[in-house]
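Okay, here we've got a single chain as C-alpha cells, the form predicted alone, with questions on binding and movement later.
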Amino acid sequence: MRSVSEALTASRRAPLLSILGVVTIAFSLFAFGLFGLVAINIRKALEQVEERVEVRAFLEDSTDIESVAAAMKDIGEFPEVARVEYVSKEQALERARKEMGEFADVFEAGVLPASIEVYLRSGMRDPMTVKSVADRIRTYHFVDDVRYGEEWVEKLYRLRTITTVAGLALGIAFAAVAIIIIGATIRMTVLARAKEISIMRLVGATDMFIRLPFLIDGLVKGVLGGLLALVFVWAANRVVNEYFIQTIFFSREMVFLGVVGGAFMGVLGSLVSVGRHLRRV
C-alpha cells in the first residue's frame, strides 16, 4: 500500500509529466496496434482465399455412378479431406453459364465432364499435402484428369509464409521500439525524483523498496496507455470501415492481451530505467 501511495503522490506532484508519459506510451502502442490490426486482416484475407483451395477430378464419360459413389466414400475418409461433392455434367454446365454469363452461349450440353470436387481441411492446404491428395485421386482408373491449380497453391502458400515471417519480425521490432519509448518516458520520472532516490539510499532503503513505486507507476501508465491506444486503433478501424474497406477488429481476447502487453511494457521500461539509475547512485 505504501508503494501505491508513493506512486500516486509522484503522479500528483508532476501531473503534466504523468500525462505526457501516458500519451507517449499510447502513441507507441498505437503504432504497434495498427500493425497488429493490419496483420490479422491480411491473415484473415489469406485464410478466406485458402478456403477456395480444392482438388477437382474430372471423370470419363463412361464412368458408372456406383464407381463414383465408392470412390467418393473412399476419398472422404482421407485424413486431409473435409468433404467431397459430385458435380454432374448438367451442374457443371449450369455453373459455367452462371459464373461466365458473357460466354453463356459458348457452352453446350455435354461439353463439360462430370467431376468430383474435394475440399481439404483447414491447415492441410499446403502444396505438398494438396499434391499428395491429387496423386492418390489420379490412381482411380476412371479419373481422366486432376486439377488443383498447382502454381496458384504454391504462390499462396509462399505469400502466407512471407507474411508470417515479416509480421513476426516487424511485430518484435515495434514491441522493442515501444519498450524503448516507455523506458525513456519512465526515465524522465526517475530523473525528476533523483534527489529523493539518493536520500532514500542514504537512509538505508533497499533497491526493491525504491523500485516498487516506479514499477507500479509504469504498470498504471502502461495499462492507461494501452487502453488509450486501443481507443485510437478502434477509431482508425472505424474510419477505414466507413470510407474504404470492411475490416475486422481485435477479439476480446486480443484486446485483453493488448492491455496486459501495455502493462508488461510499462513494468519492463520502469525496471530498466530505475535499474540504470540505481547503479549510478
Partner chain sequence: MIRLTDVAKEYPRSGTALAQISFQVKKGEFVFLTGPSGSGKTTILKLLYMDDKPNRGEVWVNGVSSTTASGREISRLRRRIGIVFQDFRLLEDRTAEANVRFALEVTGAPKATIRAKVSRALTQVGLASKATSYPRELSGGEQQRVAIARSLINDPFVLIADEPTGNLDERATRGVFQLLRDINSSGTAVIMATHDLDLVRRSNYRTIELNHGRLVFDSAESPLSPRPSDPTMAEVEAAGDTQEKS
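Rigid core: the largest C-alpha set superposing within 1.5 Å between the two forms. Numbering follows the first chain given and starts at 1. Not measured: the values here are computed from a predicted model.
This protein has a second form, the form predicted together with the partner chain, left out of what is shown; the following refers to that one.
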TL;DR on 204 to 212, 126 to 134, 71 to 79, 84 to 92: the one with heavy atoms within 4.5 Å of the partner chain in the predicted bound form is 204 to 212
Of Val165, Leu191, Ile199, Ala176, the only residue with a heavy atom within 4.5 Å of the partner chain in the predicted bound form is Ile199
Among Lys98, His141, Lys195, Arg158, just one has a heavy atom within 4.5 Å of the partner chain in the predicted bound form, namely Lys195
For this session: State yes or no: after fitting on the rigid core, is the Cα displacement of Ile210 between the shown form and the other one at least 2 Å?
Result: yes
Q | Core-superposed C-alpha of Arg136 shifting 2 Å or more between the shown form and the other one | A | no
